[in-house]
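Same chain, two forms, each on its own as structure tokens: structure 1, then structure 2.
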Structure 1
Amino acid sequence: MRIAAETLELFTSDLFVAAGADRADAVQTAEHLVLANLKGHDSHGVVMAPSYVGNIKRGFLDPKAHIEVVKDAGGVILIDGCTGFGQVVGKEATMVGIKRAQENGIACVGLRNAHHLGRIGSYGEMCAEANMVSVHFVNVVGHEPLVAPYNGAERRLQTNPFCAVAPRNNEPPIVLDMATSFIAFGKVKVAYNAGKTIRDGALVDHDGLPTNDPNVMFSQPGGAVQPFGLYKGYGLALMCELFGGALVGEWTMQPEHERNGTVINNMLMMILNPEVFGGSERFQHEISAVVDYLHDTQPARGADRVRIPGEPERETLAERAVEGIPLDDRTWAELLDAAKAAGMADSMIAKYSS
């Protein structure tokens, strides 16, 4: 089925209100998730909502929590997300960082104990809207690992995302926003459910040997997802673990820490005002010239054109804003089940499901 973004936003926010969130926080979280769907990242869209409801019920996600500043050292601010909705506390922490960068030229914000932050690019895009450059190192903790270190045959890490954003004058920002795993785990699940194979390079089996069989992630002895880019992606995943988890958070994937099935993100975020370096004018001139130069590249045989990070998401958004968001039957059924579990009235569920 295809569903209009506005309807999906309304349903998802009603779902979170039923689960105990205040309306404003529910709307903010729903908008973030639906925007991930609109931008083509279904693995970080409304498909996450049932797990959020489950974590509220288990006491792992506090739907009313907001940020608390733990330490304020001027340019460096440590913030606790108090296991609130990542979409709410992530936005609040980013707003603190932007304000501080506007005052000082630079701000380094550590956000710890946020429940799943969703699409990290959202926080980078907020910085770009304020004409700031930003860099984000994020780790993921709270559940069993999925990703093998380079040369490893066992899972040790999560999909630790990295994001870097450059603002542009009168143009959308450049947004590099990516998992450090070869493939999002959600995509492995989709292939597994559909009985399909996974493309080369994404998975290894229990011996650490390449496989295309998604079954290795759901059976014993299990396999693992690979980092992207061999040891380089593994290295970046490790730095996300150390900067996000060890420097900012209180929690990394090393085995002293509990894995109780929740999803916590810790994020180190550096926000800076380009004016404090060579000035925005020169920076913007160079960005435009580099982007034009790259766009002018002759496409490889079989490719349509060269794109800049952030463009594929905008193309998908343009299409889905008109055509609606594709949702498979299973995801929609899970959302309706989550609504029931959250306590949404049957009449309301019936309204949405008709």
Structure 2
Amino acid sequence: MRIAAETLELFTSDLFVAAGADRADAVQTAEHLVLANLKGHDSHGVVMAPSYVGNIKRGFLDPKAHIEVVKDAGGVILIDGCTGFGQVVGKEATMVGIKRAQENGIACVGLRNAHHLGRIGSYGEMCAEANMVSVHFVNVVGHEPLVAPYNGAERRLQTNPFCAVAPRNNEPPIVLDMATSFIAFGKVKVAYNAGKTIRDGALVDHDGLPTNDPNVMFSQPGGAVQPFGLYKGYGLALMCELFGGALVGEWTMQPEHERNGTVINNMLMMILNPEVFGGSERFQHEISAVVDYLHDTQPARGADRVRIPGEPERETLAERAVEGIPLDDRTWAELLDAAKAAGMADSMIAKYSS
């Protein structure tokens, strides 16, 4: 099925209100999730909403929480997300960082104890709108590990995201936003729900042997997601674990910490004003020249053209804004079940499901 973005946003925000969120926070979270769907990142879209409702019900997500500043050293700020909606506290922390970077030229923000932050690129795009460069290291804690270290057959890490964003004058920013695993676990869940296989190199079974079957992540003995780029992705995942977790959140995947089935993100975010370095004008000139140089590359056989990070998402957004967002039957059924669990009125559920 395909569903219009506006309808999906309204349904998802009503879902979160029924679960106990204030309308403004519910709308902000729903818009973030649906935008991820629009940009083709279904793994970070509304497929996450049922787990959010479940965590609200279990007391792992406070739908009314907002940030608290723990330490303020001017250009360095430590913020607690108080297990609030990541999409809400993540935006609040980013706004604090942008303001400090505007004042000081640079800001380093640590955000700890945020519920699932969603698509990290959204926070980088906020910085780019303010003409700032940003770099984000994120770790994931609160549930069992999913990713095997390089040369390992057992799960030890999470899909720890890394993001870097550069603004462009009168053009959309360059957005590198990626899991350090070969594939985001949400994409495995999307494939599992849709009854599809996973591409080569993404998964191993419990013996460490390659597999294309997403069921290995939902059965026992379980398999594991692989890091991208062999030891390179593994090394970057480890740095996200140490910088986002140990440095900022003081909470990593090592087994001293409880794994109760929730999903918490800790993020180290560095925001820089290009003006205090080589100057914005020179920076933008070099960005434009490099992008033009890359776009001018002769495409490889079978490819239409060379793209820069962020362009595939914008192309998908343009298509889905017109055609609607594709949802498989299993994901839609899980959303309707979550609506019931949240306490949404049967008449309202029927309005959306008809």
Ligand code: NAD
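Residues that one form lacks are left out of the comparison. The structure displayed is predicted, hence computed values, not measured ones. For numbering, take structure 1's sequence and count from 1. What we label the rigid core is the largest C-alpha set whose atoms superpose within 1.5 Å from one form to the other.
Note: the form predicted in complex with this ligand is the first of the two, structure 1. Superposed on the core, the two forms differ at residue 212: its CA moves 2 Å or more between the two structures.
Here residue 186 counts as shifted, since its C-alpha moves by at least 2 Å between the two structures after the core is aligned.
Fitting the two forms on the rigid core leaves the C-alpha of residue 222 displaced by at least 2 angstroms between the two structures. 186-200, 204-223 are the runs of three or more consecutive shared residues whose C-alphas all shift by 2 Å or more between the two structures after the rigid core is superposed.
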